[in-house]
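Shown below, as structure tokens, is a lone chain in the form predicted on its own; questions about how it binds or moves come after it.
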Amino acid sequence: MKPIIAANWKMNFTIDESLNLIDEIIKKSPSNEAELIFFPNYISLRSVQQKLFDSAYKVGSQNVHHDESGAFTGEVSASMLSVLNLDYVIIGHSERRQYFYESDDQVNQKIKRALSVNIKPVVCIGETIDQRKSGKTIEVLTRQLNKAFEEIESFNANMILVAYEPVWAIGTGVSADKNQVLEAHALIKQTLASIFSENIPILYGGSVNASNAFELINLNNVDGFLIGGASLKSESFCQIIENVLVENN
């Protein structure tokens, strides 16, 4: 399986800035040995998708609403996203859980909505620093996984990615250390196997950079990365890709 390297641009870039960054990345890192996924903001989705149409690069949305329609100002439904022929959608990101109070039940509903229109969910899970310090990491990750995939049939397993993003490592510059990543990903792998009996790729996210990417991609059960800050500049993002591919060649 090719390593998966996903760029979550969050609330950054105009349409032109998004397209310029795509151009820079394509020139430096042709997508043939890794699966590269771009998650631009809503206003850039159509332009980025059109630019990368019929290429090996993938495009996804940063979010989707858990209902199909209704009085939800500022939200977008799965059926609306499906018109763009998107490949992926991020669901359950810690920033959505923290700032928009998304519940485990809403995450579950969002996954079902995405699958219903054949968009692959990238399901984010992770513990806060207080939960880790109080020894609740296993409890939190297990609960998030079991609730996320409640009543989701096993035949959907090949559509699903999971991203472990310890909340305390996102945007802080402090990545989880080798043992923390190994332990978390082993737990996630075991829990997913009990739910689906399938091999589901697991990404790591949380202050991934060019310096730590080489070591992290070599760890058991790390199939790639979901990258935030380091994906906002072509130099840092392409260096991560290069370091990952060196390890996988």
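Sequential numbering from 1, following the sequence displayed. Not measured: the values here are computed from a predicted model.
Keep in mind that the form predicted in complex with a small molecule is not shown, yet the notes after this line are about it.
This chain is displayed alone, yet in the predicted bound form one of S207, S44, T191, S61 has a heavy atom within 4.5 Å of the small molecule; that residue is S207. A single residue from the set L81, A148, A169, V89 has any heavy atom within 4.5 angstroms of the small molecule in the predicted bound form; that residue is A169. Under a 4.5 angstroms non-hydrogen atom cutoff, the small molecule in the predicted bound form has E95 among its neighbouring residues. By the 4.5 Å heavy atom rule, the three marked residues P3, N199 and D223 all fail to count as contacting the small molecule in the predicted bound form. Only one segment in the set 131-139, 148-156, 169-177, 104-112 has any non-hydrogen atom within 4.5 angstroms of the small molecule in the predicted bound form, and it is 169-177.
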